[in-house]
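Only one chain is shown below, in structure tokens, and it's the form predicted on its own.
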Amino acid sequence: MPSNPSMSAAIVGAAESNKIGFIEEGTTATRLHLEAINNVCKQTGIKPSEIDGVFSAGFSPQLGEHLGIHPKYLDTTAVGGASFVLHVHHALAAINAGIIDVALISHGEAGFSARKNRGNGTNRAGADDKWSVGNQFEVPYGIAGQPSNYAHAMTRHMHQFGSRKEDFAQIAVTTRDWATLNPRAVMHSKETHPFGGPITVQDVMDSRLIAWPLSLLDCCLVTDHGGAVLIASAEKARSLRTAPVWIAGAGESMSHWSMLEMEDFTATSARASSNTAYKMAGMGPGEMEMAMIYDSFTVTAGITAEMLGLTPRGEGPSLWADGKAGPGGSGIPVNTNGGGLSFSHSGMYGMMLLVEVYRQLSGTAEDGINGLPGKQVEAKTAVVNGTGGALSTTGTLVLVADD
């Protein structure tokens, strides 16, 4: 008989590569993977030989070979930035079924260094398929690249609900406020980047236009980043030196892949994936004390807040209004690392959601590396949502701190 996998596994460690952001000397995706894995193994005390499941966006067999292990469960699900949130869902199911005991989820992406390396070291095969749906039916009509995709969504939201560019700009401002408390954030300060430090709504409005109505500061960074998390069965989790963060609920869904097939530019599959996760957890949006929301663009975060039930329909940006979601705000904290907008975003951001939510719920967000005073929040529950493609695929988790 099927069983509810809720709480049968926990995230027991999360770590990043040694360097992240704009790595001027250049790096490779493989190096970013392996540094992060080495760091999370040291953190937890789990040896690579104890890992029996490997999950990544298309690179799992190679990782097993690099680690010198022979995993009995491999997952290469690759659906864009949501992939790693889906991997948590899949690892939970595999652990609950008794197939594996320890799962590694890893990501390494040289988004910035790919330019320096002329496309080498990315672990991606380049292709220019003239017969693809995008090249045949999207590019000729002005949908070319993610900024133009997401600009359509923001334009529709403004038309349908009366939201304003200023409302979405506040999301960028609040997210930057969190980045100023994170020494590893690219936009932490003027010392970390010439355009770092606090910003205002007017700064966002005045920044260079990318694809109307999206301006530069509405858009995510393009960086280098490696991250890894370890997930263990309940029994294994309780034997480790790190604090477990329990997986109470998980869900995934897709609504389309091509924007041509998106029924409503202001609604995503996050409604379905979050409903699944909440049901598994036996909890609802009103019980979430923190949110980690994919913010490839300000509009991504705003619409997702609605789909997660954190705001009424059409009022997504209100979650951030007046700094409510920021440090010391009156609402629930959102994207406490600085998000893809100001912390780091290598191209697929979902891993960074997992690393930060683990740090917050395990009480390790301020340790001299991960945060300054004020970054650690008191939340004991969190909803995490990753988005992949053009508002296409989503994965949602409900996580709870250890008692």
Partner chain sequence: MAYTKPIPDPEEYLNKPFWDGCKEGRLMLPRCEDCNRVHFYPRVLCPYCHSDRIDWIEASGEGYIHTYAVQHRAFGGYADETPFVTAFIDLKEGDRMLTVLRGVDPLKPEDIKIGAKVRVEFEAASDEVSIPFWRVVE
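Basically, rigid core = biggest C-alpha set you can superpose within 1.5 Å across the two forms. Just so it is clear, the structure is predicted and the values come from calculations on it, not from any experiment. Numbering follows the first chain given and starts at 1.
Beyond the structure shown, there is the form predicted in complex with the partner chain, which is absent from this document and is the topic of what follows.
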Q.
Counting heavy atoms only and using a 4.5 Å cut-off, do A94, P244 and P327 all touch the partner chain in the predicted bound form?
A. no
Q | Interface residue in the predicted bound form among A211, V186, V102, V204, criterion: non-hydrogen atom within 4.5 angstroms of the partner chain | A | A211
Q: Please pick, from P147, G323, G197, G314, the one residue with any non-hydrogen atom lying within 4.5 angstroms of the partner chain in the predicted bound form.
A: P147
Q. In terms of non-hydrogen atoms within 4.5 angstroms, which of the given stretches 246 to 254, 169 to 177, 133 to 141, 281 to 289 touches the partner chain in the predicted bound form?
A. 133 to 141
Q: Using a 4.5 Å heavy atom cut-off, state whether F265 contacts the partner chain in the predicted bound form.
A: yes
**Q.** Contact flag, E65 vs the partner chain in the predicted bound form, heavy atom cut 4.5 Å
**A.** yes
(Q) Taking the partner chain as it sits in the predicted bound form, is G363 near enough to touch it, meaning that at least one heavy atom pair lies within 4.5 angstroms? (A) no
(Q) Please tell me whether any heavy atom belonging to T192 falls inside 4.5 Å of a heavy atom of the partner chain, as the geometry stands in the predicted bound form. (A) no
Q: Answer yes if the Cα of S392 shifts by 2 angstroms or more between this form and the one not shown on a rigid-core superposition, and no otherwise.
A: no
(Q) Aligning on the core only, does the CA of P140 end up 2 angstroms or more away between this form and the one not shown? (A) yes
Q | Rigid core superposed: T381 CA moves 2 Å or more between this form and the one not shown | A | no
(Q) Comparing against this form, do S392 and Q62 have their CA atoms pulled together or pushed apart in the predicted bound form? The difference is 3 Å or more. (A) closer
Q: Given a change of 3 Å or more, say if the Cα atoms of K42 and R238 sit closer or farther in the predicted bound form than in this form.
A: farther
